[in-house]
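What follows is a single chain, given as structure tokens, in the form predicted alone.
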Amino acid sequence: MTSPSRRKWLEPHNYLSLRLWEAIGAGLFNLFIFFMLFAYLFPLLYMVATAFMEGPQLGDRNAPAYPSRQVRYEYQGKERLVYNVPMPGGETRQLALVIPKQTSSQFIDPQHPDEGLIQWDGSWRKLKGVYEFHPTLDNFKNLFEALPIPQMVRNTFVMTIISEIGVLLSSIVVAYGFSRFPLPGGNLFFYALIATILIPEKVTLIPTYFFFARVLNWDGSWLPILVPFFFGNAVYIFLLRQNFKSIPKDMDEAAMLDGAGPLRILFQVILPQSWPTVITVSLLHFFYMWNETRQAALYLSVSRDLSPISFGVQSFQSLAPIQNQLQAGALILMIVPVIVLIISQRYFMRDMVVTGMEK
């Protein structure tokens, strides 16, 4: 039998009231999520908008937040700026300024130029202009003229591909060894490897620079940046090891019965089941190399023809701190990783195993 309280909630009016409260709660929660998302993405939206703005708009306090310019009207062979002019009757008209004066100015109505000049008393500097949507590509044009962007992009991709191959091969082999072979003191070595993540890069910056630049004379080349990746990366090794350990060892034993050796097991049994993790590691390394500036500034400042895109744009921004061009350069740096992530998002972190449990 149904209890009286349950029968009460099952009544039609109470059921509709409950559904209404659920809908209101879901709507308020979604509204809160959209508000937080907008607050989080607002700096990016501002960056994109500023990248397409003209220089004068940045100094105009009355200009809108989107790329625009003040409307112009050609009168007597000259372009006149259009303003919102309040008239004595309370009406606001869009008039083009012809003769500006401190206390009294003359305007022309673009819609009715036959009316002639209109006298308006007041300071025209306090008037707000009329704006139209007007994006410009001049900021990107200036950036491409000042920097060899294609060469820098090519350098970045070459460095990324070489280091990608090195870090994947070394990290996969080391992670495979830690996850499948009972090495003497293997756990101790693994914990020591993970502990290197906690060491700040600033601590090792001077010793590594002295070794690469003064001992090996690698200053001005890609070698100090690329060679360390051929010895693996602690973060990538940790992710790969955790994924490899989640694969049952029964599959290894079955492959060994078929005559497969350790390398064949790695490439034909382990890796085919670990593609989401391998792709994740590849994307993380690509994003790191695309945004690399510290090592490039340290070793490639004397060889600008080898500079990657991030270091080149950052150097230009420090020399020419113009806001709209700064945002244009930042947009160029951001757009490629976003495109790569959109293309590969169906693989990114898909069925990735981090701690033995599927996310």
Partner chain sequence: MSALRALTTPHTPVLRDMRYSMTKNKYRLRYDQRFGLLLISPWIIGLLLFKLLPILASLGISFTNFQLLTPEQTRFTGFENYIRLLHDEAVGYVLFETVAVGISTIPLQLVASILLASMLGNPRLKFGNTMRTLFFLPSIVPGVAVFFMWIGFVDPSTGWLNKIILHPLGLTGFNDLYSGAAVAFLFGISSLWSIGPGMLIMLGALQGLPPEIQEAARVDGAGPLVRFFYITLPLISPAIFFAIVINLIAVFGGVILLDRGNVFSGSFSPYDGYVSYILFDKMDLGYAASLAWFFFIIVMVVVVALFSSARRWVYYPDKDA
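Numbering follows the first chain given and starts at 1. All values derive from a computational prediction rather than experimental measurement.
Another form exists, predicted in complex with its partner chain; not displayed. Remarks below refer to it.
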ask   = Can you pick the stretch from 70-78, 255-263, 157-165, 88-96 whose heavy atoms fall within 4.5 Å of its partner chain in the predicted complex?
value = 255-263
query = Which one, Gln102, Thr204, Gln119, Gln268, lies within 4.5 Å of its partner chain in the predicted complex by heavy atoms?
reply = Thr204
ask   = What is the one choice in Pro110, Pro148, Pro135, Pro228 with a heavy atom within 4.5 Å of its partner chain in the predicted complex?
value = Pro228
message = Taking its partner chain as it sits in the predicted complex, is Asp60 in contact with it (heavy atom to heavy atom, 4.5 Å or less)?
response = yes
request  = Although its partner chain is absent from this view, report whether Val82 comes within 4.5 Å of it in the predicted complex, heavy atoms only.
outcome  = no
task = Classify Arg294 as contacting or not contacting its partner chain in the predicted complex by the rule of any non-hydrogen atom within 4.5 angstroms, answering yes or no.
result = yes
ask   = Is Leu41 close enough to its partner chain in the predicted complex to count, meaning some heavy atom within 4.5 Å?
value = yes
message = For the stretch 35-53, I need every residue with any heavy atom inside 4.5 Å of its partner chain in the predicted complex, listed N to C.
response = Met36, Leu37, Tyr40, Leu41, Phe42, Pro43, Leu44, Leu45, Tyr46, Met47, Ala49
